[in-house]
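There is one chain below, alone, in structure tokens, taken in the form predicted alone.
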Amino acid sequence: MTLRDTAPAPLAAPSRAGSWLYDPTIRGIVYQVALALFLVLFGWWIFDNTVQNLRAANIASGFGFMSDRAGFDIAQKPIEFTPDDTHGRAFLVSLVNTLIVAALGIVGATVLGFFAGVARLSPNWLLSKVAMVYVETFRNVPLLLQLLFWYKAVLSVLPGPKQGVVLPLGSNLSNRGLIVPRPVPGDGFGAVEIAVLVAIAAVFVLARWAKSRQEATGQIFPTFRVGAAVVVGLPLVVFLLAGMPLSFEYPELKGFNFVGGFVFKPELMALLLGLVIYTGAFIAEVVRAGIMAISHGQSEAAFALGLKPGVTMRRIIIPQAMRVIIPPLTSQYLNLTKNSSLAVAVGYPDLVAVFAGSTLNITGRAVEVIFLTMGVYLAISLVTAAFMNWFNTRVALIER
């Protein structure tokens, strides 16, 4: 037997069709195209089915109703609105009410949550236990029950305006809400507003300079104290130089109610109390988890250098913990914004109560109204998430 007779036959070259069929890249493209086609066809089927059902029920479609007369009033209206205005303006008023609650709620819940989260780790036994009771109590009770508690069991049982709780600066707390003096700017107050913007810009520049200086020399600049002095001092100096162009309209009791001043209605107060306290409990746990994720050696090293506990927490622990805190904190902000739709339970005129409630009942355009309402909440959530992602990138630690 010769070597030529026993040599194995050469392998057949793979076919051209088999090569692209088993290529992971090409298969991935094919699967994505197939999924995209399926989603487009599914969306078109839903749209076409909805249009046919509306035609069968003889229901008109479109957003032309936005220019029709609303015919109802809104209790809380940060911008002018009368029953003769359109549904489009009612949509705008209710959207502003939703944004006000979301903005105030996020600020309040953040402050309360950070304080409670740090307090749970305090060596002070009483402060730590009080923070623990707050967190474990309010995060385990449904938000809807908390809203009804604040509205029905706390604010509604307050005395009337005549017997209301008198507060400093002419303010009053009663079952009509919290009434405070309303600032009335005079001529020349625009200069004070410009001074505030200039002071904020100056503090921003100062903070960047202080950070660069610390990275270059290691010296710490008192940014907080100097910044606070600039933000308060510069507008105050301009205010005095302009002749103090600001007066206050104090509320006066006439008959059975107050006239003048600025009113925080019980519905708004109950909604804010519920959202801030409920979300603040979750943020406290996020902050506590972020601080505990930092190695204890960081604190020991800071103490060994002679830094005090407050400075160690503010300048070493919290900055490192932010990269752990911010992602779940973003989720809590989104939850607070979406939970504000429970305002309908206490009668606060937010987007759901006014537009998806009164406007929908009057016009009967359920598809358009619900679609637009869902789109607004989706847009608010995407903007909030984009801002927090940008902020997370700014505060992220950069390894050298």
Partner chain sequence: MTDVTAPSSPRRPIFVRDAFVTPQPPPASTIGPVAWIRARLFSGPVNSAITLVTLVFLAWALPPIIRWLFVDAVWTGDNREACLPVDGREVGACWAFIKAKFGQILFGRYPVEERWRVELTGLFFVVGLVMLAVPKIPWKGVTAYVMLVVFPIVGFYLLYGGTGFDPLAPWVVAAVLAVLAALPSFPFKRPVQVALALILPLLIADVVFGLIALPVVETSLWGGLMVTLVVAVTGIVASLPLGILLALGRRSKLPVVKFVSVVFIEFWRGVPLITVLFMASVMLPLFLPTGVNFDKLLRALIGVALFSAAYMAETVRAGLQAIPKGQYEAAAAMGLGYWQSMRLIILPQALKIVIPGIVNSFISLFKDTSLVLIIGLFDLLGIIQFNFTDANWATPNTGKTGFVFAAFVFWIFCFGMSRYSQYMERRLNTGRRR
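Positions refer to the first chain, counted from 1. Bear in mind that the values here come from a model prediction, so they are computed numbers and not experimental data. Here, rigid core means the biggest group of C-alpha atoms that superpose within 1.5 Å across both forms.
The form predicted in complex with the partner chain is left out here; the points below concern that form.
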> Heavy atom to heavy atom, is Thr363 within 4.5 Å of the partner chain in the predicted complex?
Replying inline: no
> Contact between Phe371 and the partner chain in the predicted complex at 4.5 Å, heavy atoms?
Replying inline: yes
> Going by a heavy atom distance of 4.5 Å, is Lys77 a contact of the partner chain in the predicted complex?
Replying inline: no
>> So, Lys265 and the partner chain: in the predicted complex, are they within 4.5 Å at any heavy atom pair?
In response: no
> Just one stretch in 168-176, 219-227, 149-157, 201-209 has heavy atoms within 4.5 Å of the partner chain in the predicted complex, so which one is it?
Replying inline: 149-157
>> Using a 4.5 Å heavy atom cutoff, which residues in 121-155 contact the partner chain in the predicted complex? It's fine if the answer is none.
In response: Pro123, Asn124, Trp125, Leu126, Leu127, Val130, Glu136, Thr137, Arg139, Asn140, Val141, Pro142, Leu144, Leu145, Leu148, Phe149, Lys152, Ala153
> Any CA movement of 2 Å or more for Thr50 between this form and the one not shown, core superposed?
Replying inline: yes
